[in-house]
Ligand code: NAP
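Next up: a single chain in structure tokens, the form predicted on its own.
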Amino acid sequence: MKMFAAGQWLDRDQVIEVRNPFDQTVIDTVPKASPSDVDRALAGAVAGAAIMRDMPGFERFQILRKAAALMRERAEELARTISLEEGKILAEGRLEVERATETIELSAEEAKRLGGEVLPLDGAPGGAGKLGFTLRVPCGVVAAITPFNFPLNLVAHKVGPALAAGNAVVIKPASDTPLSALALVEILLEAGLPPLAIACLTGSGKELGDALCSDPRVRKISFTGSQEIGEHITRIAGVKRVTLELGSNSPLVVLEDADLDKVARATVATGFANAGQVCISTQRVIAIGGAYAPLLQRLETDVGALRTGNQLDAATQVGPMIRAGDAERVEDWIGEAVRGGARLVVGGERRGALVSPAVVADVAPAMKISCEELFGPAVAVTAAKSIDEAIHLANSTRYGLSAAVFTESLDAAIRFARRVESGNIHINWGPQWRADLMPYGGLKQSGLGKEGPKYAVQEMTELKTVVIHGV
């Protein structure tokens, strides 16, 4: 594959190999871009932003709607690309294509809804005879820096709203998974997007990311990734808009009145999808009193039944992690917890980039598997004596992206929703759930700003105030 910048598909002498995480076979290669390519892409994007700014919202809607139709036509091809380069099972790849298509469709609708409001200036001293209103205008050039774990949908969540709002966008996809982003660029161009309105640069995240984020021509940064890199971006960005979707170690609290069969099903579904490489995966299960022991029994059975292997095999339920090094980290954190007094209930064996889904019991809150972001197929289970202690444990983290509680008590559920420090709260399901139209973002060090097309468009536009002075 080639990269795309300043209206052209580009090759470079140096390339990056894109490998299948399961067996390390080379799927494709992409160019290794340099900072000079960033300059070229931004020069083109500045011109593209002027084109997009003047394009009527209805035309932007038509382009995005056509792109969504093309995505549907190529759904199986896109799903296979996702699974091959990222390692998620093919069923999860298909689901990601469905969601990404919906994200682009939702963005298309928002292109028709950019508006302001009339200001009641006659209610202000000296405001008689004056008419005031607001205009929402595009920021200009948006830098979209995306992670490996959802290589199509998280790109769509940045590119769709950016274009709907009338911006140009420069994508820097994860080096492990650039093919899905490049495929989306091809689709958008085929749908009629002006070539200067989009660029996709492949290469080193540090080298290209720093050049993009520090450049004053970029007026908006949308980044999804680690908390450490998010902090770095805020230090180098200068005066521009920044949205950050960062880390998490999401808690699932289980009260004694919960249906434990439902809890076990939800934990399996939300703790091990995409080999646990989801920022809102269930990582910490906090079970109160008598719920603890019977829940562990159910988890041992249900998690132990999950089958790992080649992500393209229809029988596989949990595919490989993105890199063998990440699998080694998960193995190390499990071992560290066990050496510290925790108990490995099931799983935890590693073979290359595969880790068998694990449940670790009797986990102390200070253990790394509980207090840091694991981003892998293991769930840490901790006991609590009361809902107050469980809420305290849920909040005892620098993160606050998503949290969940299982209970039949409405009072307990509302108490949890009000007191837990998290941007997303789920009652009677796990923390890993997202509708692409909802506002999505974290508290504390889990990030800044909101995604979801309607909310991302607001983040990717500026507000002007216009006052007409009567005679």
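Owing to the predicted nature of the structure, the values given are computational and were not obtained by experimental measurement. Start at 1 and count along the sequence shown; that's the residue number.
One more form of this protein, predicted in complex with this ligand, exists but is not displayed; see below.
Engineer: With the cut-off set at 4.5 Å between non-hydrogen atoms, does residue 83 touch this ligand in the model of the complex?
Structural biologist: Outside the cut-off, so no.
Engineer: Quick one: does residue 225 come within 4.5 Å of this ligand in the model of the complex, counting heavy atoms only?
Structural biologist: Residue-level check for residue 225: yes, a contact with this ligand.
Engineer: Tell me, yes or no, whether residue 149 is in contact with this ligand in the model of the complex, where a contact means a heavy atom of each within 4.5 Å.
Structural biologist: Yes.
Engineer: Indicate whether this ligand has at least one heavy atom within 4.5 Å of a heavy atom of residue 271 in the model of the complex.
Structural biologist: Flag for residue 271 set to no.
Engineer: Out of 247-255, 69-77, 186-194, 303-311, where are the residues with a heavy atom within 4.5 Å of this ligand in the model of the complex?
Structural biologist: Only one stretch passes the 4.5 Å heavy-atom test: 247-255.
Engineer: Can we say 260, 387 and 416 each have a non-hydrogen atom within 4.5 Å of this ligand in the model of the complex?
Structural biologist: Checked in the model of the complex: no contact with this ligand for any of the three.
Engineer: Please identify the residue among 214, 396, 204, 234 with any heavy atom within 4.5 Å of this ligand in the model of the complex.
Structural biologist: Here the answer is residue option 204.
Engineer: Using a 4.5 Å cut on heavy atoms, which of 337, 378, 401, 318 is close to this ligand in the model of the complex?
Structural biologist: Among 337, 378, 401, 318, a heavy atom within 4.5 Å of this ligand in the model of the complex occurs only for 401.
Engineer: Could you list the residues in 253-284 that come within 4.5 Å of this ligand in the model of the complex, counting only heavy atoms and keeping sequence order?
Structural biologist: Sequence-ordered list has one entry, 279.
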